[in-house]
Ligand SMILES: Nc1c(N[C@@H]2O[C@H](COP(=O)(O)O)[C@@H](O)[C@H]2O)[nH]c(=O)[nH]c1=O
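Shown here is one chain on its own, the form predicted alone, set out as C-alpha cells.
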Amino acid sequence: MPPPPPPLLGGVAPAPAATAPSFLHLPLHTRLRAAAPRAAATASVRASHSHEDDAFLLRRAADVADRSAGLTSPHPNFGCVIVRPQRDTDSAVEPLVVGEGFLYAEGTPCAELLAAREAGEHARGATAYLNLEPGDCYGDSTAVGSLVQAGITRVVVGLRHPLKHLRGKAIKALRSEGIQVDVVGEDLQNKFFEEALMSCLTVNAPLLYRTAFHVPFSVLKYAMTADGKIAASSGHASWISGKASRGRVFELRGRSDAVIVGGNTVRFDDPRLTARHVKGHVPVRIVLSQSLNLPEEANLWNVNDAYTIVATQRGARRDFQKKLAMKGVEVVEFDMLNPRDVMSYCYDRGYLSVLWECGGTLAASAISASVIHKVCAFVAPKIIGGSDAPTPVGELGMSQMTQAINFIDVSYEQIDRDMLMSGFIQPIPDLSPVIPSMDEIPSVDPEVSPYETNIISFYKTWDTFGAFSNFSPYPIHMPDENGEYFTWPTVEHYYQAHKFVGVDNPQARTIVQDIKLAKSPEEAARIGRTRQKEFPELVRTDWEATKVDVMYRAIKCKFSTYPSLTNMLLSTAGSVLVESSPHDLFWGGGREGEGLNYLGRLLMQLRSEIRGTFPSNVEERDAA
C-alpha cells in the first residue's frame, strides 16, 4: 500500500456519520466567503456548471495550487477542486466543494488523489477543476487513475501542460475513459475565463517561463526609500523596510530555488540569505563575483545554513577558490561571467525560480540580458537623499522616458508602513497557441526509440525520462531497518535511510525514522545529507562500499514493480543514460561530464539484465 497522504488542507477532515457537516461541506458561497472574502464578494454562484461557476472554481483551483509554494523545493504547482451540484432549500442548484488537494512536492501523492480521497463517495458524478493538466497518466495513484476511480464525470482544465512530451496526454487519457474534458481557451471561451486563465498562468509562471525561454523564472527584489535609494551614500542599508516586509522577503526566498547576490552585497552587508522564520525549503545561495574579491569570512560560507555557490570568471584567485571549497562552498567558473550564462547554468541544474537580491549594477546587467521577468519593489516611507546614494537599478542606456520598461499586471499591497509594488516586465508566456494535435503526440514504442540522440539525459521528474529519477513518485516495498517489509515512498527515501541502518545508536535510529516519515524525497535527501555531514560517526562503516548495491536493489525493485517503467527503460536500448545532475559527481554526470554517473550506469546494467543479455557489442559495452 502507498504511504498515507499529507494532512488534509487546513487540517479539516470529512465529518463522521451522524455529526454536523464540516466546514468543507458547507455550501460553496458560504465556504469561500469565509476562506477568501474578496473573491467571494465578486463571485456569482447560480446554476450548476454555469460559466461563472466554472471560472470561479478554476480560480479556486489555482489558489489551492499556490498553497504548496515554499513547502519544499519548487515544482510545478498542481491544484484540484472537486465539486458536485446540490439543491438548496429553494430548489436551486449550486456547486458544493467536496474535496481539495495540492501537490506537496515531486514524488508525493498528486493533487487529484488527495482531493478524491477527501471527497470519498461524493466524488461520483462530480466535476474536477485543475489549474494545470497533470503530467503523469499511468497507474492507479496518478492523476488520471485517481479521477477515473473516483467516478469523476467532468474535468475542467485551465492550462495544457507546457512541456511538449506531456502536453495533451492526460487530456487524451481522460477522454478515452469517457470523461468530459473542457479546456479553457478551447472548449471554454468567453469573458468569464479571462481572470481564471490569468490565475492559472500566474501560479505556474516559473514553469511557463522556464519552458518558453530556457532560463529559470527570475524575480528582482529590492527595498528602497521613497526617494528611490537602496542605501545611504556610505553604503549602509540596514534597515530600509520594516519587519513585516522582511518577513515577506523570507516567503519569497522560500518560493525560490536560488537567491542571487553580487560581490558588493557580500562585502558590505554580509547577508545570510536564508528563509528565516519560514519552515520548509531553503534556497541555494549564489554569489556572482568576476574578480572573486570577497572576504575570507562571511555568513554565506557557512553551508550548514544553506548551500552556497560562487560563480566567477575562469582562473580568478585559484588560491581563494580552494579555501572556499574547503569550507564546502561550490565554485563554478565561467569563460565570461554574465547573467545570461549563469541563468543557463541554473536552467541546467533544474531550477524553476530564482530571486535576485543584488545591487543596482548587477540588476541592470540582468535586466539588459532579458533574464529578469518580474520585479518586487518594497517602498519605505523614508527619505535619505544623497546624489551618490545607490539606486535599485544602474545604467540601462535609456535617454528617453519613452524607452522606460513598463510593468505588466501591476499590483500594490500595503505591508505595515511599507508599500509593495510588483509587476511583470515580460508577459507570462501562454504556450497554448503551439499545442500539437493529438496525432502528433508520440507514444513510446518499447522496441524502437524515437529519439535521435544516443545520449538520453534525465534529472527532474518532469523531464521526458524523469521517471528514472530517484525522486519520482514510485513507492517501493523493501525491508526496513528491522528486516520487515515497508513501503518506502521513493527510492531516495530508501537510499538516504540506509546510510544509518544497522548502526547501534538511538540517534541513528531516530534519523532513519525521520527519513521514513519525510513528506517528500527532497526532504528525505535534505535530512540524510545534513545528518551525514553533521554526524559522520552515525553513518554505517561500510557505507562507501555498499551504497551502490543499496541503490541497485532499490531501482531493481522499482522497475520490477511498475511495468510502464520497464517498457520505458527498454525503449532506450542502444543509448547511454546520464543522470544530468550538475553537482552530484558520483551518481550524476557533473556539469561538464566529469561526474561518474553511477545512477545512469546502474540503469544501463539493469536494462541489459532485463533484456536477458550482457553487454557484448561495443555500443552496449561502452554504455554500461
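Position 1 is the first residue in the sequence shown; the rest follow in order. What you see is a predicted model, and the numbers here were worked out from it, not measured in a lab.
There is another form of this protein, the form predicted together with this ligand, and it is not shown here; the text below is about that form.
- Among the residues 118, 133, 522, 357, the one placing a heavy atom within 4.5 Å of this ligand in the model of the complex is 357.
- The contact residue chosen from 249, 159, 114, 309 relative to this ligand in the model of the complex is 249, the criterion being a non-hydrogen atom within 4.5 angstroms.
- In short, of 478-486, 144-152, 204-212, 261-269 it is 261-269 that has heavy atoms within 4.5 Å of this ligand in the model of the complex.
- At a distance threshold of 4.5 angstroms between non-hydrogen atoms, residue 412 is out of contact with this ligand in the model of the complex.
- In the model of the complex, this ligand lies within 4.5 Å of some heavy atom of residue 221.
- Under a 4.5 angstroms non-hydrogen atom cutoff, this ligand in the model of the complex lacks residue 82 among its neighbouring residues.
- Within this chain, residue 241 lines the site of this ligand in the model of the complex, having a heavy atom no more than 4.5 Å away.
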